[in-house]
Structure formats: C-alpha cells, structure tokens
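One chain comes next, on its own, written out as structure tokens in the form predicted on its own.
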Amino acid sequence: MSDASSLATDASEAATPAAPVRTVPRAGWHTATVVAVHRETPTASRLELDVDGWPGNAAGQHLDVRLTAPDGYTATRSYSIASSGPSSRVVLAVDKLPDGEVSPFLVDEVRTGDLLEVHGPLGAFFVWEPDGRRSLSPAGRVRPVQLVAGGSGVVPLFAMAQAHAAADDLTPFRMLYSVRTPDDVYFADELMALAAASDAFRLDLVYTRRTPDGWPTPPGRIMREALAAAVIPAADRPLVYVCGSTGFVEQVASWLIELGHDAQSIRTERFGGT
C-alpha cells in the first residue's frame, strides 16, 4: 500500500463479530534486513524482509515502518503484510506516493542488505486464518469467503489467499480485484497460479483503464450491478473482506449492504484518508 495515511480497519464492524477474532502474536519493534527487492508494478516494489525476533503473523495483519533522518526526524507509515505464518520472512508490496515521506524511499532507494525499523505484527480483526475447520454460517453450513480489492488493497487479501492455499483449506474463496491496467496487477503470476491450482479459489479481475487484448468487457469502474454479479450472493452468507482506498471501500461496503449482505459480516481496511 501507499503511505497516503495510516491503515484504517473498521468493518461494517459490529458489536457481534461474524467470526471469532484469532489470537495473534504480540507486537513489538524489530530490526528488519532487506533480503530481496524487485519491481512489482510500474509504481510499486516488493520487499522481502528478514525480521529479527519476528513472532510470525496472521494473514491480513500489517506493520509500521519507521524511517529516521540524520537530524533525528522520523516518519512512520503502516503497510499491509503480503505473507503470513510463523516465519521471520515478511513480504511487503509498497506503492509509491510521489509526495509521500516513506514510500518513495522504500520503492526507489532501498537495497538488499539495508536495515529497517518495523513494528508489528498489528491488527486482530482484519485477519483470516485457516484452522482446519470450515467456517460455518449460523445455520451450520460451510461459509464462503469473498475478497474485494481495489489497487494495492490486494496486499492483505493476497496473504489470505495464499494462507488458504497453503493450508489446503476447502472453504470456497473468491477474489474480485479492481485494478487500472494489466501492468498494475500485484502478484499477477501468483494469483493466476492460485486460481489454476484449486477449484476452491476463484479470481475475477476488473480493469478500470485498459484491458488485455481480447478481454470480454470494456474498462470501467465496478458499479453496483457488476458487483452483484461478481461476488458471492448474500444468500450464501459469505464473510467479506474489502480493502482499498477510502472511497472504494466505502462505496463497495455500501453496495454490499444494499445487496443484502449482513454488515456484521463485512470487514474493511482502507487507506488514503479517514
């Protein structure tokens, strides 16, 4: 994600959570060594960190990165984690905000071997963890999971999809991913591989500015009718995770509720101002 603002997690968050909040590792400050860097999209980089003392993290959690200037000035921004599990290796995918204080450094300047200060893992609500059981609806049926991503908001949802595949979890997973162009798709190869490897995971892409050659629909933003056609129906009572810019998340969450989804089953994380 960009460093436009802190991440905000709210869900059409309700007093009674749709599923139990998992026990997540205790947060703390750590020194991270950058072990790999490569370009993710024209404006984003993927950073792989080896974090000393990292306790592991659940899919969907985030961390803070703190940079300190020679004069002592510090800037801290939150970034979603694109990986999960007990390993000390942590993957970030950072979108560059041209007037940002942290993301331009992380995207353009960071090199393998550099050290970063990180604080985390953070967040206990916008998480998904396989636990060997299928998520059940109040009626006792298997409860599917719908992921809805806008741009770099796919980062924590990618971690969930990967955790789902790694656990060979049979819970139906579906991802609706809105992105500007094919060049802007994060984790493109990995997402395609996940979709090809399992019938339990379905990927739906929506391009807002330019499509691949031969794409069946013209570019355009997700509208209410297209959302209704692409997501798991409300009648199936899915758990829904939505992540993206503030405007994207608020619009999608509003439409989902209009379409009959239970507000208590919608968890949101947004960036770009609260």
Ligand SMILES: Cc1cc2nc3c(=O)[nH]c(=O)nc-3n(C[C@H](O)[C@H](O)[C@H](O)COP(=O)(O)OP(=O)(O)OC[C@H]3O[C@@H](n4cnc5c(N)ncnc54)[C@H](O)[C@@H]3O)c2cc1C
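Since the model is a prediction, treat every value here as computed from it, not as a measurement. The numbering used is simple: start at 1 and walk along the sequence shown.
A second form of this protein, the form predicted in complex with the named molecule, is not displayed here; the remarks below concern that form.
Engineer: Is the binding site on this chain open or blocked for the named molecule after its pose in the model of the complex is superimposed by the nearby C-alphas, counting blocked as 3 or more ligand atoms within 2.4 Å of backbone or C-beta?
Structural biologist: Blocked, going by where the named molecule lands after superposition on the site C-alphas.
Engineer: To test your reading of this chain, name the stretch in 161-169, 74-82, 199-207, 111-119 whose heavy atoms come within 4.5 Å of the named molecule in the model of the complex.
Structural biologist: Of the options, only 74-82 has residues within 4.5 Å of the partner.
Engineer: Would you please decide whether residue 103 lies within 4.5 angstroms of the named molecule in the model of the complex, comparing each non-hydrogen atom pair?
Structural biologist: Yes, residue 103 is a contact residue.
Engineer: So in the model of the complex, does any heavy atom of residue 189 sit within 4.5 Å of the named molecule?
Structural biologist: Judged by the heavy-atom cut-off of 4.5 Å, residue 189 is well away from the named molecule in the model of the complex.
Engineer: May I ask you to check whether residue 94 falls inside a 4.5 Å heavy atom distance of the named molecule in the model of the complex?
Structural biologist: Yes - in the model of the complex, heavy atoms of residue 94 and the named molecule come within 4.5 Å of each other.
Engineer: Answer for residue 270 alone: is it within 4.5 Å of the named molecule in the model of the complex, judged on heavy atom distances?
Structural biologist: Answer yes; at least one heavy atom of residue 270 falls within 4.5 Å of the named molecule in the model of the complex.
Engineer: With the distance limit set at 4.5 angstroms and only heavy atoms considered, check whether 30, 50 and 127 all reach the named molecule in the model of the complex.
Structural biologist: No: none of 30, 50 and 127 comes within 4.5 Å of the named molecule in the model of the complex.
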